[in-house]
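Have a look below at one chain only, the form predicted alone, in structure tokens format.
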Amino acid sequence: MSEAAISDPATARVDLARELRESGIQDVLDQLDRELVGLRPVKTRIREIAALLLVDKFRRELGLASETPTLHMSFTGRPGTGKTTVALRIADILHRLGYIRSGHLVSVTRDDLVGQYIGHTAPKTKEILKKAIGGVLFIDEAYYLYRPENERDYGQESIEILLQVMEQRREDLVVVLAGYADRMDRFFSSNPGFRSRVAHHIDFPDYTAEELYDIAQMMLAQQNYRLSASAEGALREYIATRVTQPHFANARSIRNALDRARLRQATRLLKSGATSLSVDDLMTIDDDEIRASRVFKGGLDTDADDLEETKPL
């Protein structure tokens, strides 16, 4: 929009399609499409928010709106559904539209905000907020901030500081609260101050089995691996079983399973004693490397990371 147009709102004209391209927002949305398989409802909601903020930006420039919109958000869903990736792209969009200064994202959990001793929590919380100001603060498993069963818990002190900053610095900081949907509902019920300050609630659905398979293929391609024909079938069987087991963490579980398959492939190649391996040998994961998982023996294919992400409240 030209300065001349801004100086005369009555005759101003806005080309939103051009602004969308020139702001780079379309590039960010396209990147999100490439990075994340599925999640159509989430992507639709992000496009809606981007459109709202783009229009609001020009409404403010033309004097049609005066207040900075509340941008704090809640992302609900199981682990491994792309919440952190979407938060990163949201930070980029907000920065490109001028809603935050730098577009950086600070990702934390309760341990980064709450201390173990009297007088320890406030400095920790304020230090994190200092790092996040000008960007986005992503609080994963935010419900762990509130532990009513422990009278000596210091989480409430951190919550009060966060609420104060979310209100007073909302032109310079966006907070994203993330975690399981049911636990976030209880968290908001116990802390209505948070609920009233969150403008956008976005639910991240679990991936379908076909989407998880596509994610696996994308992960492998990014690391220059491929599955043999029989391994492709084994992976589909693995996914069909793994999604029914406890501690399943969507794309994160798939990534961990592929990491273990790569370990088995490397071990097989080393034990083979081969002296002339081809590029194809180094790239191909075989059926056995997938079927060696405990999932095929009725066990759980989990590691410490999986369990940490799904620990009970």
Partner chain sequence: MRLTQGVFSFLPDLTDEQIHKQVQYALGQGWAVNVEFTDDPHPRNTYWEMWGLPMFDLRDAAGVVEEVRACRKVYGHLYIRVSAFDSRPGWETVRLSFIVNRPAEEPGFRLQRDEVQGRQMRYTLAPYAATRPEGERYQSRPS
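Because the structure is a prediction, the values reported are computed rather than measured. Positions refer to the first chain, counted from 1.
Omitted here: the form predicted together with the partner chain. The next part is about that form.
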property: Contact segment among 81-89, 179-187, 215-223, 123-131, judged by heavy atoms lying within 4.5 Å of the partner chain in the predicted complex; result: 123-131
property: Contact test in the predicted complex: S228 vs the partner chain, heavy atoms, 4.5 Å; result: no
property: Contact flag, H104 vs the partner chain in the predicted complex, heavy atom cut 4.5 Å; result: yes
property: Interface membership of R169, the partner chain in the predicted complex, 4.5 Å heavy atom rule; result: yes
